[in-house]
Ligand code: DGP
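So this first bit is one chain, no partners, the form predicted on its own, shown in structure tokens.
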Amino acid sequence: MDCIFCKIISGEIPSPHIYEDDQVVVINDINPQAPVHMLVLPKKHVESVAATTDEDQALLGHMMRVAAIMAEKVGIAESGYRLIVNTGRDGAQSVLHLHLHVLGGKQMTEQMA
């Protein structure tokens, strides 16, 4: 498979895992859009939210819970943070592997970009 996130998860492409469990890996985004910008990557390759099935419900919930745990760990839980899942070309999804952006560390604007 030629998926950059699968290669990061497997260690084929080195990237420090700031969190890992049996279902997900969390890394810092290499092109951060905020002082804190982490990616929650499921170990299971799923192309996007649109490609999920009923079997993926627990994984999706786990990704959200890990995002909250990581926000607490890095100190942005109290001040707040934004969670983003881009889906498809029009949704600005640049890597076809489901991932959850966790952004914080500054006041977010209401602008959708």
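Note that residue numbering begins at 1 and tracks the sequence as displayed. All values derive from a computational prediction rather than experimental measurement.
Although not depicted, the form predicted together with the ligand is the subject of the following passage.
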| property | result |
| --- | --- |
| Segment that reaches the ligand in the predicted bound form - one of 61-69, 74-82, 48-56, 30-38, heavy atoms within 4.5 Å | 30-38 |
| Partner contact for Cys6 in the predicted bound form: the ligand, 4.5 angstroms, heavy atom | no |
| Heavy atom of Ile18 within 4.5 Å of the ligand in the predicted bound form | no |
| Sequence-ordered residues of 78-106 touching the ligand in the predicted bound form, heavy atom within 4.5 Å | Asn86, Ala92, Gln93, Ser94, Val95, His99, His101 |
